[in-house]
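The chain below stands alone and is given as structure tokens, in the form predicted alone.
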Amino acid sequence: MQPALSVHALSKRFGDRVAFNDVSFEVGRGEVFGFLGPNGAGKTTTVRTLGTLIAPTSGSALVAGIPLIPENAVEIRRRISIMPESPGLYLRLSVIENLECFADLYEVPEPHKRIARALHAVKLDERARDLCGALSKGLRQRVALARALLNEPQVLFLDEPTSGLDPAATRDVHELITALSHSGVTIFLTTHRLEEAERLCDTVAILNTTLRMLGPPAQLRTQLFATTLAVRTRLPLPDPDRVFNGLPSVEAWRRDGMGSYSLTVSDPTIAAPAVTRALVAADADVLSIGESLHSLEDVYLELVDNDANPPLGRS
């Protein structure tokens, strides 16, 4: 099946300033694709480019199966939606009046049916007559999402959809995103919430002008960090070298604190039983042995810190 987005060597410059450079990736249909990076990394400019709001300087892309060229802009816009961080709703109008206004602007076919489906999708059927100005920020985000669904897009670009929301409202938006992806809508999610990306996204791209890493969150962790076992004993080992050195799959160890040790291993399924046996043989009171799992935040900070502090000699 043709991917929902296919981007090849895409770049955008504004005079001498590079917004993003040589970016390539593919997003499958129905996938949730996380787009991460620090402020100024080029994320919003990439979304605006793929959304036909600005033209790329070089490179190519297919958006919802259509080549990203000026002649195809109108057809691409019919197949996508962009929900910006600031919803831009008319606060003196009701929810349904806002949706009717935008359905008319976008010349949506069968507007009443589309509005009813969008309201049902975001669970706002009972609030359709409420003024938008009287709604909480979380509910206004739902209205904005309903507006983005009016044209029943194949690809939905979401820019910081949970920014400023409380945990309950954030959970509701997450459930909506998951439901949309399960229905076949491709979600392009720009976020600074790394735990959000780890929870929702099938694939994550980390951008800092250039694409720094790309892949499923679990794969990015294994690419960037060695596999480690965290060992805790009730009392410090009198001779850790004697216990850990020479064990199968254990490559190195270090002390992390009183009775805490971190072991670099090549295969945790081999190392963990061997370490357990060695500790028992040493009469150690074992509190826990488990694989240390780095988070997506660890991956992100490692890359961003390296970019902020390049090694000597790097231009």
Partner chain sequence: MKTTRVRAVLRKELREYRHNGNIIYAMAVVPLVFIVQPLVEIFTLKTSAALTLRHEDSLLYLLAIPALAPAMLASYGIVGERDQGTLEPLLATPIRSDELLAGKALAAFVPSLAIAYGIFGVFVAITELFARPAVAAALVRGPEVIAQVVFTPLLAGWSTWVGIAISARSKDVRVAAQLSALASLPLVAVTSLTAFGVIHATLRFAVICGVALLVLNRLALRVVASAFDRERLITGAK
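Numbering follows the first chain given and starts at 1. Treat the numbers as computed from the prediction; the structure is a model and nothing was measured. Whichever C-alpha set is largest while still superposing within 1.5 Å between the two forms counts as the rigid core.
Not on display, but discussed next: the form predicted together with the partner chain.
Annotated contact segment (heavy atom within 4.5 Å of the partner chain in the model of the complex): 91-99, selected among 184-192, 120-128, 202-210, 91-99. Contact annotation: A179 falls outside 4.5 Å of the partner chain in the model of the complex, judged by heavy atom distances.
In the model of the complex, R147 approaches the partner chain with a heavy atom inside 4.5 Å.
Contact annotation: R232 falls outside 4.5 Å of the partner chain in the model of the complex, judged by heavy atom distances. Residue contact with the partner chain in the model of the complex: A168 places no heavy atom within 4.5 Å of it. Note on contacts: among D104, D241, E110, E175, the single residue with a heavy atom within 4.5 Å of the partner chain in the model of the complex is D104.
When the partner chain is considered in the model of the complex, only one residue from I82, L237, A116, L139 comes within 4.5 Å through any heavy atom, namely I82.
Heavy atoms closer than or equal to 4.5 Å to the partner chain in the model of the complex belong, across 61-81, to the residues V74, R77, R78, ordered by sequence position. The two forms, fitted on the rigid core, differ between this form and the one not shown by less than 2 Å at the CA of H182. If you fit the rigid core between this form and the one not shown, you'll see the Cα of G133 move by 2 angstroms or more.
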